[in-house]
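Shown below, as structure tokens, is a lone chain in the form predicted on its own; questions about how it binds or moves come after it.
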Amino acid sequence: MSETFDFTNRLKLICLILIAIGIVSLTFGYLEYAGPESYHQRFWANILVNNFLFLGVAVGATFFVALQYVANAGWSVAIKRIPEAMGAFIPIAAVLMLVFYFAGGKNLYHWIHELHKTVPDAIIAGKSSYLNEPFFIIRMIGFFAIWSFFWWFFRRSSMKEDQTGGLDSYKSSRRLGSIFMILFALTVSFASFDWLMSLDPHWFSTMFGVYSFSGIILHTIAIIAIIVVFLKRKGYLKGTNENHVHDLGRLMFGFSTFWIYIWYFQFMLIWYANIPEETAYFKHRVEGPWLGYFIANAVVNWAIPFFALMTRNSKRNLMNVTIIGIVLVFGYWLDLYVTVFPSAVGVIGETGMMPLPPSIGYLEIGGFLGYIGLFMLVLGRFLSKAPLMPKKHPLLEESLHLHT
């Protein structure tokens, strides 16, 4: 009941090696793609993809904690320290996002430059009350302040509960959790509008906020599942059993289907309406070399998890759940790659951004590995700072005797 994760020097070294690979890859990429007119588009697009990915799962993990409190869920108590530790990446991602923006990432958002032209684009000018740089920065800081506060509160409350017991910490977490549920929906939607959808400011989708939500939750659960299995194989989480893994597998299976539902209908409704301002976004992704990536996105994030997790036994198999979790983590990167790159990396013409052909090289692979290393380093540090089992949680017994 008082087991603590030992973040060994070997694990730290692995994290540092991955970080070093990321730094070297991104540095060479920055130098290679430097040019007076390129704005290092590919470099900054990689930073945006990776930062949004790991920021998303950190915020999603905080949402997962809040959801368990609001739902009075007992099954997840034995694994709650994992999403609590994942949320620690939010302040790190906040710093990286601000550095990204002010160091040059804002050049991906060509609406900033359009607003300063003598005769700006009419559509972009019409959105200027929302899409303007000062308000954009204020919203960014506001999002991070909200997410960081709620992560800090849930973490502090959980630590206090371990010391004092009782119901006070649990009840306060339930109250704040219900508030965060609403704020999470709003902030994640608007953050995805700002950081992803505004890369192509002519395009809009009323389903994009839900689409971002579904991707964040699906891949947050996948990473939680990977960590649970890893810890169990290392001899930790003795209070968990195959039923906890089964429940995580069911959530992965369900949310992958929810994700494909939103993915398909966002595309189908825009295609059916055939409105040029809306269809331009998908035109670049279903024609030419991007089509294969567009289809692969659906295969990796839905088809593989759907068939691999269809049976009861497949959801209880530790190796199977781990493999599918890893597939989904790569799938989230691919989803964001297809979302960001055609809108951010290319040449701006009279009809908008003309994307370059897709290219996955050392810059993409190395940057992804570097962020994985940084995320693991933060996760491991916070996992080791508190007992893995919240021993005085009022619903702990329900979790220890979970049977599905």
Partner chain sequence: MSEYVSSVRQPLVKDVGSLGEVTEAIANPLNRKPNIYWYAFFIPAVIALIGGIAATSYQIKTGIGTWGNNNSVGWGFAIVNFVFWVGIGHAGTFISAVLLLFRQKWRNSINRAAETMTIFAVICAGLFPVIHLGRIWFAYWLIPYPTGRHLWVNFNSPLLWDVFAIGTYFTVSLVFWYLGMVPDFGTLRDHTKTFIKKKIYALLSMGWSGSAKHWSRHEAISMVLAGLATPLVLSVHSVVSADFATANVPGWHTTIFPPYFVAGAIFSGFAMVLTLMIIVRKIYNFEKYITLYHFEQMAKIIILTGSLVGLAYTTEFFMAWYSQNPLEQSAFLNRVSGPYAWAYWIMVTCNVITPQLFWFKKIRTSIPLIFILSIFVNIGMWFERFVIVMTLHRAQNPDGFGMYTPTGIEFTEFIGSFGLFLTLFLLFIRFGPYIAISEVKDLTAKKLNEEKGV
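Positions refer to the first chain, counted from 1. This one's a predicted model, so the numbers in the text were calculated from it and none came from an experiment.
The protein also exists as the form predicted together with the partner chain; that form is not presented, and the subsequent description refers to it.
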Residue contact check: Glu133 to the partner chain in the predicted bound form, 4.5 Å heavy atom: no
Phe143 within 4.5 Å of the partner chain in the predicted bound form, heavy atoms: no
So in the predicted bound form, is the partner chain close enough to Ile270 to count as touching (4.5 Å, heavy atoms)? yes
Is there any non-hydrogen atom of Asn107 lying within 4.5 Å of the partner chain in the predicted bound form? no
So which of Phe100, Phe294, Trp203, Phe150 gets a non-hydrogen atom within 4.5 Å of the partner chain in the predicted bound form? Trp203
Pick from Glu84, Asp247, Glu161, Glu114: which has a non-hydrogen atom within 4.5 Å of the partner chain in the predicted bound form? Asp247
Looking in the predicted bound form, is the partner chain within 4.5 Å of a heavy atom from each of Met207, Phe265 and Leu395? yes
Any idea which of 92-100, 315-323, 163-171, 228-236 reaches within 4.5 Å of the partner chain in the predicted bound form, heavy atoms considered? 163-171
Which residues from 165-187 come close to the partner chain in the predicted bound form, meaning a heavy atom within 4.5 Å? Leu167, Tyr170, Arg174, Ser178, Ile182, Ala185, Leu186
